[in-house]
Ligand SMILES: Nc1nc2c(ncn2[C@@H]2O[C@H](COP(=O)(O)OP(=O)(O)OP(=O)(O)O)[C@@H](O)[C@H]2O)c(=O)[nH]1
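As a starting point, one isolated chain is supplied in structure tokens, in the form predicted alone.
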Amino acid sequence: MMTSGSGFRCAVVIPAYNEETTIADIAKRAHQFIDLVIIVNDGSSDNTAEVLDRLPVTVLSNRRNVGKGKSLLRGIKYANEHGADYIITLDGDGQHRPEDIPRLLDEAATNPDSIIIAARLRNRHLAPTLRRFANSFADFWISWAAGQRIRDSQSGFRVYPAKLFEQCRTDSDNFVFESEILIDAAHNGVPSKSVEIDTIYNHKSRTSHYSPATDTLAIVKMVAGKLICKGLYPLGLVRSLGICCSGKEKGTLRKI
């Protein structure tokens, strides 16, 4: 487990479902920066388990495919049990560069009580049009519910303070987990900060497990439920648009 220049201990958690062509390379590159790399094999039916054999990583195996959210939670729990102060999550499909880990940790050192998101803002035109639209759509709703602007809410490359998971408890499966945790964290006083990274999209890579229609709808339904519980949270919308209120959140609105 790496101890950063600021003295905190880190672990990497990578969920993997049928990632035989990319997971070994991602795991090796992550291990160059962090000693404790945890791969959660989510019931893969390909050779994911075999390619991870003999690598210096910890492999947790789900008997069946339970979804990205539950796999992340299993890896996060293991990291917490082994003393991690910060947990880095990234995907195993090659869309994230482990070499960006030090940049995210530098931001975490400056903002130790925040979630650090590696936001895919450089060369966004490389992603398919439908994917860009779905991500922007989700960004709007999640930012509203969180009460702050969140750039690239669908990026799975993040740094979490480990103690966050003592405050925010969610068992959402699949991709809803990563959206819900941003909202719940914000409501518990844990903001999100962004670090810009490159958009990486390989047209020859396997089909994404994220469904722009189905998964985005599931996220919107989750967000809608949270907004309804907060009376549609108009102040959250105002804040997400970069506007704040003077005085006791009333009166004249001003841009920030």
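Small disclaimer: the values here were computed from a predicted structure and weren't measured. Numbers for residues come from their place in the sequence shown, where the first is 1.
Absent from the display: the form predicted together with the named molecule. The rest refers to it.
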Open item on the list: Please tell me whether any heavy atom belonging to Phe175 falls inside 4.5 Å of a heavy atom of the named molecule, as the geometry stands in the model of the complex.
Closed with: yes
Open item on the list: I'd like to check something about Phe33: if you look in the model of the complex, is any of its heavy atoms closer than or equal to 4.5 Å to a heavy atom of the named molecule?
Closed with: no
- [ ] Would you please decide whether Ile219 lies within 4.5 angstroms of the named molecule in the model of the complex, comparing each non-hydrogen atom pair?
- [x] no
Task: 4.5 angstroms heavy atom contact with the named molecule in the model of the complex for Tyr233 - done: no
- [ ] Sort through Asp91, Glu107, Asp85, Glu180 and report the residue having a heavy atom within 4.5 Å of the named molecule in the model of the complex.
- [x] Asp91
Open item on the list: Within 4.5 angstroms, counting heavy atoms, which one of the listed stretches 93-101, 158-166, 138-146, 111-119 is next to the named molecule in the model of the complex?
Closed with: 93-101
Task: Contacts with the named molecule in the model of the complex, stretch 127-145 (heavy atom within 4.5 Å) - done: Arg131
